[in-house]
Every structure is written in C-alpha cells, then in structure tokens.
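In structure tokens, the next block holds one chain alone, the form predicted alone.
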Amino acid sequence: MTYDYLVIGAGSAGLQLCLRMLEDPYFLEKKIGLLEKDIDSAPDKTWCYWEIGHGRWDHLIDHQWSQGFFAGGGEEIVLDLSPYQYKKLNAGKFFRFARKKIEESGKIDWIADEVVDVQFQDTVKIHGQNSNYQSYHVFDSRIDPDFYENQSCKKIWQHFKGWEIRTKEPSFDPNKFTMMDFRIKYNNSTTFTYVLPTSSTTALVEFTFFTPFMIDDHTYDLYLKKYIDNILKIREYTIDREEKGIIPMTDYPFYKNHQEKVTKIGTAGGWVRPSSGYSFRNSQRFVTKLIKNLKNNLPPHHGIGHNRFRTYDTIFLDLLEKHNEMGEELFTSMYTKNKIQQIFRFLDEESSFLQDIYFISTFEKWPFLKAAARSFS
C-alpha cells in the first residue's frame, strides 16, 4: 500500500495531526495511514494544559481550574489564572475519541503494526512486523536512538508517580489545583508535589522529580504517603488508580533528525518544552503550523521548535543538571516575581523579546550567567 502521508504513532501528536487532516479539504484526495503497534490499549495517563476561553477539546476534559497554588522557599501563594483555565484531559479518553473519529471517517487507514525498518528510495519504504508500506512523506513520532546515546546534550528527566485518591470526608477545593509544592522533598533535589482535585473527595496527587537521576518505585510511594499524611493531613483514603511517567527535558537537537521525506513529530520532533515538560498544547500549536507549511509547499517542520526559547531552555537545564538543589529557589523566583499569565506566555513561546528579558531578570543573575558561559563556551 502506498500513501501520500503516513503517520507513525497514535500519541498526542500523531492523533492531533490526523484529526486536523480529516478536517482540512486540502487532504480530501490524499491517501493517509496511521501506523500504531498497540491499537487496542488506550493509554491511562493524564495530559494537562492551559488556554484562554473555550478550547478545541473542552468536550473531553475531566476538569478545569481558574486558580492555582504554589508553595516553595517559605512562600505560599494563590495563582489567579484569569483569563486562562488549567485543563485536565485523560489520554485514554482522547485516544478513544480520535480512533472512533478516524475509523468512522473512512479517510485514514488505522493500521495495527510495528515498524521494523525504514528505507529511503523514491518513496519511504517501511517494513513492519505484519506487512510493508510506502509513503511519499512520513510523520514519525519514534525517538531517534541517537538521543539516548548522545553524551553532549543536557538531559533532565521529569519522572513521577501519581495516586488518584478518594477520601471519606471533604478534603479538597475542586476550584484550585496545586502547580508545585516543595514542602516535601527528596533529599536536596528538585522534587515537588502536584495536586489535581476534581471534587471535594477526589484528587490526583503526583510526586514529581526534575532530576538527572531515576529512583525506585518504592521511593515514589514513600513520598506520596508523606505528602498526603503531613501536608494534606488525610488519614483515610483509597487509591482508585496509579499512573507513572517519564518525560525528557533536554536540549538535544531533535530538529536535526528531520529528513526530506520524514518529519519527526511529538517528543521526537522537539515538541516538548524542555524547561517544563509540557507538550499537549505544543502539539496542537505545531500541528497547525505543520499543516500550514504543507499547504504552502514548505518543509513541514519549517519554523517549528528551533528558536531563541531553546537557548533559554539550555541555560535552565544546565542549572538543573549541575545544581539540582537550586530547583526550589529557581521556581520560587519564577512564581513569586512574575504573574502567572506572563509565565504561561513565556512557556507558550508567545512573549516578546523585551518581556523575556524582564522575565529572566527576576532570577538571580550569577547562576544563569555561569550556566550560559558553560553552555555556549
């Protein structure tokens, strides 16, 4: 089977790309395929993002908040997000919605197969475990093996475990979520707790690491229990479900892995913001740009993910890599000296250069200057 476009991977990036292709008349006569090795197992994890007003996926979200909370460096502050809302979306629900939409359309082939090998000729030839395929252009969400082998790039791992808990008595404010709470920490590293309450008796509580190292599963459990006992002061609760995740926060040049007939997407395309680990909203934004590029006969990756913000990210990652103990201080400066709306604009790469200069000036200067010197010497 020969396709005009073949998407590898039914994650956030691949699914959002396929859904946009379904809606755009430009792709009406195009042959499109979506290749996913495990089409029957919907992912059981949480995606969160912020946006202003009504959003494209509001009919799928589980909950949204207009207020946040930050605790660090002895400070405790409430964050008024207006005009933003912070939104929680279950990845499995999104997967099932997208699959139903794609299969009902009859316009995109949903293929259950795993890629074994890729060869480049007049078309991209893909050898799968079950069959072979070819396409004039491939959108590939698989991370290049060079990323894991590369020793010159900075790598911080955002890794976490969450418990979705249910209490007997009202214990949460469902109108306010906890963005970062540093009051319970693992040794002297950048670790914090993240709390997403969906009712007065239910919440997802996650203990999160921004570290160059990994830990064993028991440690997550220990610190989740510490937070629930000592900070939330909840004695009776049940764990309805668990979720775990690992997100690379890195300055690895993913954009260099694009080829003439292969565009990397998602994490593999550098769509995860290195300094935060957020990616769902980036996928939505970059898919829009990618579609526009295709229609204008530009390389699909043109103008995506390689800009001045990557320079800022490199410096920030250097600090966390060399001085992981500074994480609480850095984030405390960020949240206490800047409005949350400015933080969101900066993380969305929508701030101006002058706004960036002001934002960066709110941090202690010498650590950043030293990190910049190390990163670009």
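Position 1 is the first residue in the sequence shown; the rest follow in order. As the structure is a computational prediction, the values presented were derived from the model and not from experiment.
The form predicted in complex with a small molecule exists for this protein as well; it is not shown, and the discussion that follows is about that form.
- Put simply, Asp113 is close to the small molecule in the model of the complex: some heavy atom of it is within 4.5 Å.
- Within this chain, Phe316 is remote from the site of the small molecule in the model of the complex, having no heavy atom within 4.5 Å.
- The small molecule in the model of the complex comes within 4.5 Å of no heavy atom belonging to Ile343.
- The small molecule in the model of the complex is approached by Asp38, whose closest heavy atom lies within 4.5 angstroms of it.
- Contact with the small molecule in the model of the complex, defined as any heavy atom within 4.5 Å, is confined among 308 to 316, 42 to 50, 344 to 352, 57 to 65 to 42 to 50.
- Out of the listed residues Phe182, Tyr133, Tyr278, Tyr220, Tyr278 is the one that sits within 4.5 Å of the small molecule in the model of the complex by at least one heavy atom.
- Screening Lys289, Lys244, Lys125, Lys256 for any heavy atom within 4.5 Å of the small molecule in the model of the complex leaves a single hit, Lys244.
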